[in-house]
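Take a look at this single chain, the form predicted on its own, given in C-alpha cells.
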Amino acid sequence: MKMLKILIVSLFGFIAATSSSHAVIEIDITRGNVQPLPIAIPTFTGDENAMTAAGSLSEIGRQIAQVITADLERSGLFVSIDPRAFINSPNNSTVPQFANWRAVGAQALVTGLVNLELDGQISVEFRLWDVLAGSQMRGLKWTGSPTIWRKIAHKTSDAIYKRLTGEDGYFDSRIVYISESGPYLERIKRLAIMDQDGHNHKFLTDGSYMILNPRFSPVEQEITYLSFYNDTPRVYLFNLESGKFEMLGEFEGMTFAPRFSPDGKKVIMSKAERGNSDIFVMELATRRIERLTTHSAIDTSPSYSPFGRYITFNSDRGGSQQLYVMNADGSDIKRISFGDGLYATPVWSPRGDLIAFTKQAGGKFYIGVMRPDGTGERILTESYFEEGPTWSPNGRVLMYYRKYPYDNNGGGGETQLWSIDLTGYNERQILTPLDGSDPAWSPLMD
C-alpha cells in the first residue's frame, strides 16, 4: 500500500545560504513568558500565469506564506503583522525599504519568490531580514515537486526559527495518533497520521481491530504500536515509506506498546508474566528479549534517555505509582518523583534535560516536567483528564490528549489533542477529523 506521497525528500536541492552583519533581533527562548517578535511575512511572489500540478505559482506563493505565518505564530514566539498594514510589497531580489517596515512595527521581514524550473519542478527562495539593523540574516533556495510546497514551507519555517532562536525548529515533522469514534463502550480506534499542523491527514488502519500506543522510530520512518487482534495483544512495526506491517510478536498481558531505543535498533516494553509487569528490551535484528527489572511491583511505561544510557519508567514498588530512573542494563534504580499524587507515562526529552510526565492528584490530571534527578518539577497544564505527553523534535513543545467529562444528557466525552510549550503559556488545540488520543511526535523529516 503506497503511503504519504508527500515524502519526496530526494527531490529537494539545497543551493545557497547567505548571511551578513550580526543580527540585532534575537529571541531568548530560555526565559519564561517570551514577548512574541513582530514579523512581517508578505505573499511569496510568483507568476500567476505559470501553472503547475498544484496551481499557479502565485497561488503556491500565497499558500507558502500562509503556512509559514501559521507555523511561527503557533510557536508562541512570533506575532505576524497584518498584511493590510503593509506600505509596500517587497521584491525578493532587491533590498527592502526598511523604513516602511519599521513604520508598521515589524522587527523581522521574510520575502520570497517562487519560480518554475525547466524540468517542471519549482524553486522557492526566501530571505530573512533584520528590519532594525537593515541587514539580511538568512537566505535559502529550495527546489522540489510543486505538490510538496507545504513541506517546503515547513522547512522554511524551521530555517527562520533556527536563525532567530538559535535552536532547531519542529515544523517539518508529523504526528501519529489514535483516531477514536463511536459509543463509549464500543470505541473504534484507528491509527492515523498527519503533519504537525494537522494537514495531510491519513488513516493508516481501517478500525477493524483496536490500536493502542503508537510510537515513532527516532531514525526511520517507522512506527511501532500495540494491536488487539482477536483479543490477543500483538506488537507491530509499520514502515511508512513501504506501507508494510511486520509483527514483532504476541505478548500475553502486554500493558504498554514498545518504544524505540535512540538508535532504532531496540524496542523497550513492559510485559506481564504470571500477573506481574516488568521491563523488557528486544533486539529488532535478532528478536532476542532481555529482562531488565524483576520486582513484585508493576513496572511500566519505559522511555530511553536520548543517548540510550538511562531509562525512566513508572512503578508502584515504593507503595504508590512514582517515577524511577535506571541504567540501560537495569541496574542502579533510583526514585525521582516525591510530590503529592501519582506519577505516570514518563518521556525523556530529546534534549536530555527534562522528563515529561502525567500526574494525578486532587481529582485532576496534570502534565508536567522535571529534571532527570527529580528536581525542578513544574506543572504546565491541568484538566479533568489528560495524559500521554510526547515531545517535539527540538524538546520545546509537548503534545498530549485531553478527555472531557460526560454531561447529564449523555453529551460531552470528547477526546482532543493539545500542545503546550515549556513556558506553560502557549496552549493550543490540534484539530483532528474525529476524536484523537495518544499522540507521538516524529523526528524532523529529511
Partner chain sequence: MQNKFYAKFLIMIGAALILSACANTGSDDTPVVTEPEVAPPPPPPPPPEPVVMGPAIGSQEDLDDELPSGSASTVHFAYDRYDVDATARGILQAQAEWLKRTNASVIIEGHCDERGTREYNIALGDRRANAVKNYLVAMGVPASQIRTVSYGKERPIGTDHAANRRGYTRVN
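Positions refer to the first chain, counted from 1. All figures in this text were calculated on a predicted structure; none of them were measured in a lab.
From this point on, the text means the form predicted in complex with its partner chain, which you will not see here.
Across the options 286-294, 323-331, 229-237, 195-203, residues that bring heavy atoms within 4.5 Å of its partner chain in the predicted bound form belong to 229-237. Contact annotation: of the candidates Ser173, Gln221, Gln360, Gln121, the single residue with a non-hydrogen atom within 4.5 angstroms of its partner chain in the predicted bound form is Gln360. For the residues Ser217, Asn213, Ser349, Ser75, the 4.5 Å heavy atom test against its partner chain in the predicted bound form is passed only by Asn213.
Proximity of Asp168, Lys266 and Met282 to its partner chain in the predicted bound form is absent: no residue of the three has a non-hydrogen atom within 4.5 angstroms. Shown alone here, Tyr401 lies within 4.5 Å of its partner chain in the predicted bound form, counting heavy atoms only. Using a 4.5 angstroms threshold between heavy atoms, Asn314 counts as touching its partner chain in the predicted bound form. Though the partner is left out of this view, Thr300 does reach within 4.5 Å of its partner chain in the predicted bound form, counting heavy atoms only. For Tyr304, no non-hydrogen atom is located within 4.5 Å of its partner chain in the predicted bound form, even though that partner is not displayed.
Contacts of stretch 331-347 with its partner chain in the predicted bound form, defined by any heavy atom lying within 4.5 Å, are made by Leu342, Ala344, Thr345, listed in sequence order.
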